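Have a look below at one chain only, the form predicted on its own, in structure tokens format.
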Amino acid sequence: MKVEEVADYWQKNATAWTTMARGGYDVCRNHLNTPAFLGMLPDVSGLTGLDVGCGEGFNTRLVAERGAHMTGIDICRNFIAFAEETEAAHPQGITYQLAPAGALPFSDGHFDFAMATMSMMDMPDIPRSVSEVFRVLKPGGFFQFSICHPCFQTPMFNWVRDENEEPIALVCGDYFHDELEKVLEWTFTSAPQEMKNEFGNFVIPTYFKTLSGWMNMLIDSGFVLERFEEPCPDAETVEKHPSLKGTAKVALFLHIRCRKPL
């Protein structure tokens, strides 16, 4: 699928995604992925950073609050519009730009660090995007990103549930692929039914790689692997947000930090 086709899917998803996420219904992001990502993030105060696939800018803003001078890019015009609207209302010095990750409009060595939160697996040419991130980083700069866990969020994916419909295990398979393209339909399970009825499901092209495929791609691009995290909610968080019960059984997300050598 071409970048323009992927962008068109996200154009159609953007209003629903932004409305529901800003309404607090992206529970995995708010109460698992983003806290873990920020906990793993090095000190970025005073650094120039690039958010690759920034969406409506939620995580871009959080990292800007830590003192980073942020730029966000996305292929979805509507997401950029939502992000710029928020920046205009609450200025943080963030610049947003419509651009594909596979052809970043920046000079070599432009940024101190780059980040991507739950966007890399949805890009149609992941190796090219990683190479572009490597190019625009300064020597010694880091790239930290989060993805669906390649070992468990596989093309075959079904929960095993007990008599109370609680998730107890996961059936996964059909693992060995290198950027298998698949269009998935889903929505935020915590959203009220009337909102689900109004917006319907998100329709999202995504790409499956093996764990070794991700690691070797980073190494082949020149990165040095530095740190990993598999977020797991604590018991208190699961009690407050029952929809996270499955994420306490199986690692559904993987966070990676790598660095461009000096």
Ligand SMILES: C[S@@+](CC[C@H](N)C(=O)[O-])C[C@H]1O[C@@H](n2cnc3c(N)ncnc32)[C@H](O)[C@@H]1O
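Worth saying up front: this structure is predicted, and the values here are computed from it rather than measured. We number the residues from 1 along the sequence you see.
Heads up, the form predicted together with the ligand isn't pictured, but that's what we're talking about next.
Although the partner is absent from this view, residue 54 contacts the ligand in the model of the complex, with a non-hydrogen atom inside 4.5 angstroms. Heavy atoms of residue 79 reach within 4.5 Å of the ligand in the model of the complex, making it an interface residue. In the model of the complex, the ligand lies within 4.5 Å of some heavy atom of residue 99. The ligand in the model of the complex comes within 4.5 Å of a heavy atom belonging to residue 29.
For the options 136, 147, 123, 191, the residue carrying a heavy atom within 4.5 angstroms of the ligand in the model of the complex is 123. Just one listed stretch, out of 210 to 218, 66 to 74, 36 to 44, 232 to 240, contacts the ligand in the model of the complex at the 4.5 Å heavy atom level, and that stretch is 66 to 74. If you check the ligand in the model of the complex, you find no heavy atom from any of 159, 172 and 175 within 4.5 Å.
Residues of 10 to 26 lying near the ligand in the model of the complex, listed in sequence order, are 10, 17, the criterion being any heavy atom within 4.5 Å.
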